[in-house]
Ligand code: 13P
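Presented as structure tokens, the chain that follows is alone, the form predicted alone.
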């Protein structure tokens, strides 16, 4: 427990604040957050919120991190695109990015003069770790003149080799705007299939040249899970991320980014939703829509869950070397062009 000057009354007030946000949120698949859980978190959230003010720091938290971070200390929460925009706009001296390494790297590229720190250290990503910059360079050499897009879930050196970066929020629109009938897309092989199908549906078909890997959460979903959700919960609306297999996406009521799924649920008059995505988004939806039911088969990103209140406080007060984000200047300059091109094309 951190050293704290807070009184017992202040701790209880903070615990009640947290419990008001988290009382309808699942801590595991069969348990929910309790007041006792919130009492244990309160010393950390109070300390973090006090010290971030003193140090002029801002905390960005991806929706896949734990609810005590998302609702306890985050100044901004969202998906990759939302947080990339916020990282571009913040005026704080220190950015604490509760997410995975490629996200913190992106924040540093956009804000080279700011200190960027990641609580989880060099937390990886099955997508970002699936391809290197030199491998992308080889693909481009094999397909001269073909424009290349990279998913934001990629390293700085991969972004540096591509014409533009994309997120799951804007991939379809940006792909439509790229010239030619062929397009290189890395590193998500499953999203590439969904991209090719969506462009064909929109009447702007392109051959997608893909390479890389898949998301270790979303690639596990199968059509039979959708079928079981519909059998067990008549009238359920099933939402999925485009990192899921195409045969799964084709059966769902909505396919889109984390932000897109959240918006779909918020605007829907339906009551029950099947969530083919990471547990963190389920937690957010439970917190924000306690009147609705969310059914989640499985799917936890172990990389995202490496972030905790303890290491957020550590990154804020006394960061380890691996929590401090740095990017080679030449790589950062090239990657920044790719990221800025995304912002331009997404307008």
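Quantities reported herein were computed from a predicted structural model and do not represent experimental measurements. Positions refer to the first chain, counted from 1.
The same protein also exists as the form predicted in complex with the ligand; that form is not shown, yet it is the one meant from here on.
Visitor: Please tell me which of 161, 155, 257, 194 lies within 4.5 Å of the ligand in the model of the complex, judged by heavy atoms.
Guide: Contact residue from the list: 257.
Visitor: Pick from 28-36, 62-70, 308-316, 45-53: which stretch has a heavy atom within 4.5 Å of the ligand in the model of the complex?
Guide: Heavy-atom contact with the partner occurs in 62-70.
Visitor: Answer with yes or no whether residue 103 is in contact with the ligand in the model of the complex, where contact means some heavy atom within 4.5 Å.
Guide: Residue 103 belongs to the contact set for the ligand.
Visitor: Against the ligand in the model of the complex, would residue 97 count as a contact residue? Criterion: heavy atoms within 4.5 Å.
Guide: Although the ligand is absent here, residue 97 would stay clear of it in the model of the complex, with no heavy atoms inside 4.5 Å.
Visitor: Even though the partner isn't displayed, in the model of the complex is residue 108 close enough to the ligand, meaning a heavy atom within 4.5 Å?
Guide: Output for residue 108 is no: heavy atoms all beyond 4.5 Å of the ligand.
Visitor: Taking 4.5 angstroms as the cut-off for heavy atoms, does residue 218 touch the ligand in the model of the complex?
Guide: Answer yes; at least one heavy atom of residue 218 falls within 4.5 Å of the ligand in the model of the complex.
Visitor: What residues of 220-244, in sequence order, lie within 4.5 Å of the ligand in the model of the complex by heavy atom?
Guide: Sequence-ordered list: 241, 243.
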